[in-house]
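There is one chain below, alone, in structure tokens, taken in the form predicted alone.
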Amino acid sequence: MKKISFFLMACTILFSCTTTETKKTEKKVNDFAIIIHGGAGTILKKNMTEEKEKEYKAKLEEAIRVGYTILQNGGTSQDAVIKTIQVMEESPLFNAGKGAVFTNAGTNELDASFMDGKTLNAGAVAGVTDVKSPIELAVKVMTDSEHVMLSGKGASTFAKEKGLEIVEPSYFYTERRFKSLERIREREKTELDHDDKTAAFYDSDIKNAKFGTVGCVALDKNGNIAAGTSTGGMTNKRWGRIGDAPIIGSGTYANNKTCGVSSTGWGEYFIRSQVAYDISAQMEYQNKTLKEATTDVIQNKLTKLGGTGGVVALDKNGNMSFEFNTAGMYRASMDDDGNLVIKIYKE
């Protein structure tokens, strides 16, 4: 009889603990929400003018309010992500769309991806040179083709067939980004031996030549999560290099069971770590909270591997997380009460 009583007591305690944990992870904090980033890196207040800081904050606010208004009015997370990212793609402040960095060949090659948390469907493009909005094209790949990723000329042909806006490559030219390329080229010519170019480049200049990617995650009133990421890649990139931004599971991931994630940083490490998916997987299989998962992946796994950058993430209950291991990350969020948070530096 005592054994039976002890067994029942143990079951009661176990059930109580399980219920407590379930309540912790299933508590609803926002009916809808949106979170964005404009890149992470060596962003220090001492290097930022007051005018430039205001400019970045104003653009972040403009972008997130566009998506927030869509969500507030009952629109979809997909529309909110697209329209929000397009605001940043059209700004020369960020390394995406209009402000894309230059390749070693002096061209702009754009990458983007999108994922729908309800269906787990996704679309992505890489190496695009003449499509005004890469994020819009990524969504088109998802909705209007049987594929997940298109690249280069094929992606451009698809965009034309679908009636997306095509621009001359010169549309993406900005003096600021071109001068960045020239500085790296000059350094390679004057300071490096031919045999050491690649190693030294990746060890030094690349650390500040890969940031500026933009991304957005949104949760709508129907409980659907969407995530998107758009980038110009890495300054001075060669050989058709593709980073994490268009890779589902690395730069972008969304699942209504768990969360949505958009990444920014040194893409090679994010690909090797499958950063975006790992956050979702830890939540699904280890019952971690969003904060626990993002902290482990960025501050533990990614950092130990040698990667730098960060993520913005939003879970199915409206919890939000900014997580990065760099000096700063352009970022903003809004909850269903309209509370706006805009930050740049590490705090």
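On a predicted model such as this, the values are computed, not experimentally measured, just so you know. Numbers for residues come from their place in the sequence shown, where the first is 1.
Below: the form predicted together with aspartic acid (ASP), not depicted.
Aspartic acid (ASP) is not shown here, and in the model of the complex it never comes within 4.5 Å of any heavy atom of F158. A residue is said to contact a partner when one of its heavy atoms sits within 4.5 Å of a partner heavy atom; Q78 fails this definition for aspartic acid (ASP) in the model of the complex, lying far away. Aspartic acid (ASP) in the model of the complex is not approached by Y277, whose heavy atoms all lie more than 4.5 angstroms from it. Aspartic acid (ASP) is not shown here, but in the model of the complex it comes within 4.5 Å of a heavy atom of G243.
Proximity to aspartic acid (ASP) in the model of the complex, taken as a non-hydrogen atom within 4.5 angstroms, holds for one residue of G97, G265, G117, G123, which is G265.
Checking 230 to 238, 80 to 88, 254 to 262, 125 to 133 against aspartic acid (ASP) in the model of the complex, the stretch whose residues place heavy atoms within 4.5 Å of it is 230 to 238.
Scanning 299 to 330 for heavy atoms within 4.5 Å of aspartic acid (ASP) in the model of the complex gives no residues at all.
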